[in-house]
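Quick heads-up: it's one chain on its own, the form predicted alone, in structure tokens.
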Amino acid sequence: MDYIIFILEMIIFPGVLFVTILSLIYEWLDRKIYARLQHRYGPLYTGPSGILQPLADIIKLLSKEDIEPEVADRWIFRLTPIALLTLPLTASMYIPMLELGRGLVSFEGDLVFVLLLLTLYSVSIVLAAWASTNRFSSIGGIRTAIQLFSFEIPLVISILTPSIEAGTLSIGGLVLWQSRNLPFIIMQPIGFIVAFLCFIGELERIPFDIPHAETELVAGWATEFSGRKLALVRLSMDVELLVASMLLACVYLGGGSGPLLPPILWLILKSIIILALMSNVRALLARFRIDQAARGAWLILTPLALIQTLLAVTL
């Protein structure tokens, strides 16, 4: 019976179906907030206030012709969109949504494993660009490799630093520790800022969207993807946005800890705050060049992350 319940949780709540639907809602919120900041309406007609527009976009892409370049590495080209969706979906299973301090799957060290899955997502993007054998994809893939791997080091340092204070490498353990103490955004504000900016870079959002700059590279590393493959790529980006927002909320905002409301509602509320901050940055700033993004990651964010770690160790 427990095995059946676990399977249902994995498929329905808080599993794949719930995460997929919630990620589409987060995309809708992101587009609406971004539009309001630019004095536009954003999604409007599909569903109430356009809430079904992200789902309609996915359905439209699924119905379109799936074209593969003749010179592409076909197996890698076909498998990378599946990997891109599978990795963040797997990472979402470790986010404590079910109850306070426990994800669908939890173990000591799951924080490191989630960071590994997000790193493999970056590697899959580079493989997707290489397999496309397209000049725009190749340039986008090179930019992606430079940017994502530049942000990886300060991201990992800033996400793992709270573990030093809490004495655990479990996401659920960090949430439980903050439920009994102050959230880490108060205790380690520098680490939060670094992790926040690094996640924007990992998500390739403005101002770090140079890997797929439309005015230069069409769609960057995803230029050759169409139809079902592009639908998987688009959906993977939404799920990664959800996972990044919730992981940051768990590590620095206490996750599902809070009075009166169930943990899942607190987690969603805090992750939406993270999402709104990302939307504001997206609307306020212009695109950085790839050298500027990499230089900022190495010369500014990495030293700041190390300073926060030293403070956590010594204080």
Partner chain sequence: MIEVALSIVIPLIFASIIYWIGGRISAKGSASPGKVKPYACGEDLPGIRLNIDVTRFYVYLVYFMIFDILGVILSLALTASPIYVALFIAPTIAALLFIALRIEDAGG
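Note that this is a predicted model, so its numbers are computed, not measured. Numbering follows the first chain given and starts at 1.
The same protein also exists as the form predicted together with its partner chain; that form is not shown, yet it is the one meant from here on.
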Thinking of E65, L235 and R295 as one candidate spot, does its partner chain come within 4.5 Å of a heavy atom in every one of them in the predicted bound form?
yes
Answer option from L176, L203, I185, V156, heavy atom within 4.5 Å of its partner chain in the predicted bound form
V156
Among M93, I210, A244, I171, just one has a heavy atom within 4.5 Å of its partner chain in the predicted bound form, namely M93
My question is simply whether L118 lines the interface with its partner chain in the predicted bound form - judged by any non-hydrogen atom within 4.5 Å.
no
Look up in the predicted bound form whether W130 has a non-hydrogen atom within 4.5 angstroms of its partner chain, and give yes or no.
yes
Considering only heavy atoms, tell me if V16 and its partner chain come within 4.5 Å of each other in the predicted bound form.
yes
How about A222: is it within 4.5 Å of its partner chain in the predicted bound form, going by heavy atoms?
no
Which of the residues spanning 287-313 lie within 4.5 Å of its partner chain in the predicted bound form, based on heavy atoms?
A294, R295, W298, L299, T302, P303, L306, I307, T309, L310, V313
